[in-house]
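Same chain, two forms, each on its own as structure tokens: structure 1, then structure 2.
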Structure 1
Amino acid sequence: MTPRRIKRLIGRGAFYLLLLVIGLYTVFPFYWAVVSSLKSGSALFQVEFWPAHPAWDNYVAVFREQPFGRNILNSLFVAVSTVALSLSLALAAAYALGRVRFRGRGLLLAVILGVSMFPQIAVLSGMFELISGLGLYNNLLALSFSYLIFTLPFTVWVLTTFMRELPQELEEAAIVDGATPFTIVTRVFMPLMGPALVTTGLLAFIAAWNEFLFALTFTLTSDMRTVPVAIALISGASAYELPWGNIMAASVIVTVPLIALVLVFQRRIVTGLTAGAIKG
């Protein structure tokens, strides 16, 4: 072999080593959670990279020792209702911002982008008062409502960029046929916006499913908690004895569906993420 070929071979080897390290680095922590969740009793406290005697005890215990099934339903309800509200409100707004020229449009877009930069803590006390005033404290509707602060700006922004790229001729043809703006949005644009709605809906769903600060602050009892709060507050017999097996099992349960969603829709998620950041 010539020295040149050896050098190329080493370079290739190093590149594949780098890829392997990247893969291990990203996947190992979750793999370790799965392995730990399958170990029961004292096996949990021994470092074994493959569970010798996999057991489901932790998974059973999570549902037995706290209302975890209820917590999952709570999270589903909050995330789905937040997504439905954001998408229907944002679709109408995106039509106005993306297709109609009017004074103040640029300013409105800037304001909406500004709201997406709001730190949640800055509205926490005002929101707490509003929610108590509406009688929604320790109620899931408080979460569906307050989550709009971060899902709405983002969905409006991304749907507007998608709406702008739809061909002008379609709308003109509809106008000639005498269609009202409402018909144009629901009959002409909505079917074309399908992929964009799926992408933004998915991103909004993940954001709502993962939210912690509002859920921690606006709920009180364990049967009203969403999944992140339940997982953060799982406690054992004493403060020094956390039930790590249960925590890992709960973590795996709520993460597997998300990973499945991400793997199925990965192309769309990447498009959505980059559309939100780069075009903005």
Structure 2
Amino acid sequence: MTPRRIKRLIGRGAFYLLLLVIGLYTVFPFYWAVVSSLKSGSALFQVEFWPAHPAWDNYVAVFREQPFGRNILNSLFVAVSTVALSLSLALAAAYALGRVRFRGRGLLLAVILGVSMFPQIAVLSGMFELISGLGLYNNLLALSFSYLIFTLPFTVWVLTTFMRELPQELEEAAIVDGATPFTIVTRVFMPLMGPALVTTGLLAFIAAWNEFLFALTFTLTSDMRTVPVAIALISGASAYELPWGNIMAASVIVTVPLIALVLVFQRRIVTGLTAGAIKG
């Protein structure tokens, strides 16, 4: 075996070893959450690869002891409505910023992106006053509108980058045929922007699904809470007796749908994230 071949084998082995380490680092927390969700009592403090007597009752208790099913539906409504609003507004903004030439376009795009750099706590008081003034406190619509602060800038930026790469000839041909800007966006550009729409929509969905601070601040009753707040407020007999099995079971329940969505749309996600990276 030649030294060159040995070097190539060592490099390939190191690469696969690195992939294995990254995979373990990524998957192990979820695996341990599943294992912990099947334990109760003192078994939680025992280290084992799989519990000898799985406590499936933890998953039943999550729905029995609080309106967790309603909390899941709340999160689903908020996440879907946030994605719908974000994509609708971002698509219109992307057409203006990516296809229409006007003075200050670059500055406006930078300002839109800069809004997402503010931490949530910095805008919390202002958002609370706005939500209260609109009479939306303890209403799911309050979360849908407030989440646009961190989903809309990202969606606008990605869709604008993607739209700039679309051929100019498509738009010119549509204009010659008498198409309006609305028709151009919905009938010509949207079918071509599938990967970008899926990517931004899924990332916005995950952000809205996992958001905690606004959901905790703008909701009051248990039937209006989303799943992150519902999980955080699961309590036991005392501060030292938290039902960790129930908490981990709830965490697994709300994580599985996100994993499924990513696995289903993984190809479109990669295509959308690399859109605009290569011109051709």
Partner chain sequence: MSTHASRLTRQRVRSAWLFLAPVLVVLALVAGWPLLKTIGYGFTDASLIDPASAKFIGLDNFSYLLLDSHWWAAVWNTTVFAVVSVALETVLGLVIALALNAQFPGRGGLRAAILIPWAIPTVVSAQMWSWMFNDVFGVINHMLLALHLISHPIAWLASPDTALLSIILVDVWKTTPFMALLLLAGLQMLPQECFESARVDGVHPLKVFFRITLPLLKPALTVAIIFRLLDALRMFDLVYVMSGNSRDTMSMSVYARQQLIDFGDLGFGSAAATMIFAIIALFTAVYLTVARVGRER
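Reference numbering: structure 1, starting with residue 1. Rigid core (definition): largest C-alpha set, two forms, superposition within 1.5 Å. The model shown is predicted, which means the values in this text are computed figures rather than measured ones.
As for origin, structure 2 is the form predicted alone and structure 1 is not. Relative to the superposed core, residue 55 undergoes a C-alpha shift of no less than 2 Å between the two structures.
In a rigid-core overlay of the protein, residue 224 has its C-alpha displaced by under 2 Å between the two structures.
After superposition on the rigid core, the Cα atom of residue 213 is displaced by less than 2 Å between the two structures. Taking the core as reference, the C-alpha deviation of residue 24 between the two structures is 2.5 Å. Here the rigid core is superposed, and residue 7 then shows its C-alpha moved by 8.9 angstrom between the two structures.
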